[in-house]
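Read the single chain below, which is given as structure tokens and is the form predicted alone.
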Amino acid sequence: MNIRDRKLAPIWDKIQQGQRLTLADGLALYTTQDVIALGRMANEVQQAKSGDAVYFVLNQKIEHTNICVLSCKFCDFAAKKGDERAYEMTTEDVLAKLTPEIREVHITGGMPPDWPWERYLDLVRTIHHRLPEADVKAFTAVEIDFFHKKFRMSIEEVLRQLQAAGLKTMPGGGAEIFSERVRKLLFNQKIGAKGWFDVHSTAHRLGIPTNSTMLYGHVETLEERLIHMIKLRDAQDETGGFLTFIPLAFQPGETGIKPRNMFTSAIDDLKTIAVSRLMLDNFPHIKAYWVMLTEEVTSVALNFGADDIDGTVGGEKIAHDAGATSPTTIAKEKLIQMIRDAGKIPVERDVYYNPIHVYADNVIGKIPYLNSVPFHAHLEKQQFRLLPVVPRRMGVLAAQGELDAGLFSLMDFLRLEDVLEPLGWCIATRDQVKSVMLFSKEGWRDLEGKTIGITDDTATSVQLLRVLLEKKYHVHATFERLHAGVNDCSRFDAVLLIGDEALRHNKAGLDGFELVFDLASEWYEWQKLPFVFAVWAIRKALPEESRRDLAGLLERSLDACGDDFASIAGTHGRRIGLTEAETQEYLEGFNYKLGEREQEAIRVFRRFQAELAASGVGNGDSREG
């Protein structure tokens, strides 16, 4: 890292040590003239989280009405009832804008004085029924608060009814900037920081993930921007429910707040993206919203810490009414090209950031958990590029022919044996694993007939759980798959978690679940064999040279790690709440070589799977999705 500004060097040291940045650190980042170093720092952090991936979604923006009871100074979109430019869309008008390939319907708009509650529910319900494959992301915290007051329901009840109608996630707008000074100046009729956080924390508790935003470039100070980020970071520590952070560049329009042609500068936009990536260490994604940044700045932002550019965004009016200069729609092919021009992997996603399609060659799937760090800590990518993806989704992409290699879940490797060749490396446990855990309200035998929530990440662990239940304990339970964001686990009798989330809760506990079972320990106690969770494999259709190259890269990476796991994985461990000693102990519990005992364990597990399949168990007895 070539850093010219001396103030940045100690900040970079803190980041590498996994230490959290302060307000003073943020000010140093914002005021530096060493913009290139700032961008590189943010890009390094983004690479650790998202590899070479940049996400986009095929989405449609619906702004159902511009009639609004509020009168915010910065808004050129809103109108009053009876105004010449006022409009209202019917549900049929909205449906006419939706096409079958859409994966996200994003609904925000004005707050009219006379719409009944059922009209909002009908809008969400009808979209959900018409396009069941699309996710409905609807209504900002300001709108939810408006419904709460207008219809005299609690915030929780408003959200529960919308959730029952088909709401999957919420956008992050309405916060603008968490400054009472600015709120009183520009939008004193809107809820402040407390109200915004009350809505989002309630949504997270109910299992509704949300986004978050920050409107910058108007009258706020740099300190107010950073305080906004720190408050979001603190809230994420408590709930873990935010999917992404979206800095929104202010569009001056005819507000009078700034001259119409005084947009934020490209440097300010890029700094804000980079600073947010460095400050928000617990946020999985940072979005460069091309609608407000322009295509050119967005492309550069993908090397300044951003790993998402939103999507096709057909029908957006709010930003463009305020003077945004970007085109109102960008076709899928143009998004893909924008990402490729930045040297990244275009990844089409759903609303939870599950990858749907990958538009690149020479892509390796990387399990984004602590247990796979030894494979990647010293990996020289050479001709390959890395896509962090959870095991179950890695199998989906491999089946579509969109991954060349990866550390595949055992179930996916067995399912795709005709097209995948093993490389001799794996993730196997000698006894306990500590990161494939069943958190339960009942003992094993008392789970008969109960419902178990299973994390969306898992492909193999859920099958191991089924084998243990059916073959070891002779218990039959129903499985229901959780989504990839925050979930309401309280309604389940037990919950299966894997990876970093399981490690975190194994140490801190999971509210309401007193019993904790390690599935690898249960298997070892029963079979006296290790359990193989994942196998490194490469597509058989690739040249032999590629196979040799990747096998050599993996071996050299493991050799470079040696036995000093704490130093190579300590930062990752600290991020999920483990000490260096705990990280070391955890990683020492794995065997990474696919040896004879591991092969024997696979054969035994395969036999159990065949017996369950022959008896019909797992076919039609679950709601796994």
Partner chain sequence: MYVQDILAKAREGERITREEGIELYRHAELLDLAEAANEIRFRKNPGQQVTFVVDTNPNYSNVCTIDCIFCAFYRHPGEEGEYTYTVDHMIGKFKESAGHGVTTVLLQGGVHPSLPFDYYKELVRRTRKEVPEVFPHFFSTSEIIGMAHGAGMSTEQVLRELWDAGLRSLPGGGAEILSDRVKKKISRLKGTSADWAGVMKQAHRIGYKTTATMMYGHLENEEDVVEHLELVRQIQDEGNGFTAFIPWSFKPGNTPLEKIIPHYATPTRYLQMIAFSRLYLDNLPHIQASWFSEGKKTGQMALHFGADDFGGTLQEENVHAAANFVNTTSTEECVRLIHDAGFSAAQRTTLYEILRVIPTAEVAV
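Positions refer to the first chain, counted from 1. It should be emphasised that the depicted structure is a prediction, and the values quoted were computed from it without experimental measurement.
Another form, the form predicted together with its partner chain, is not on view; read the next lines as being about it.
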item: Answer option from 572, 49, 40, 64, heavy atom within 4.5 Å of its partner chain in the model of the complex; value: 40
item: Listed residue (412, 269, 457, 176) with a non-hydrogen atom within 4.5 angstroms of its partner chain in the model of the complex; value: 269
item: Segment assignment from 288-296, 201-209, 388-396, 99-107: heavy atom within 4.5 Å of its partner chain in the model of the complex; value: 288-296
item: Non-hydrogen atom contact residue 235 with its partner chain in the model of the complex at 4.5 angstroms; value: no
item: Exercise: residue 6 in contact with its partner chain in the model of the complex, heavy atom 4.5 Å; value: no
item: Its partner chain contact in the model of the complex: residue 549, any heavy atom under 4.5 Å; value: no
item: Partner contact for residue 264 in the model of the complex: its partner chain, 4.5 angstroms, heavy atom; value: yes
item: Residues within 4.5 Å of its partner chain in the model of the complex, restricted to 1-19 and counted by heavy atom; value: 1, 2, 4
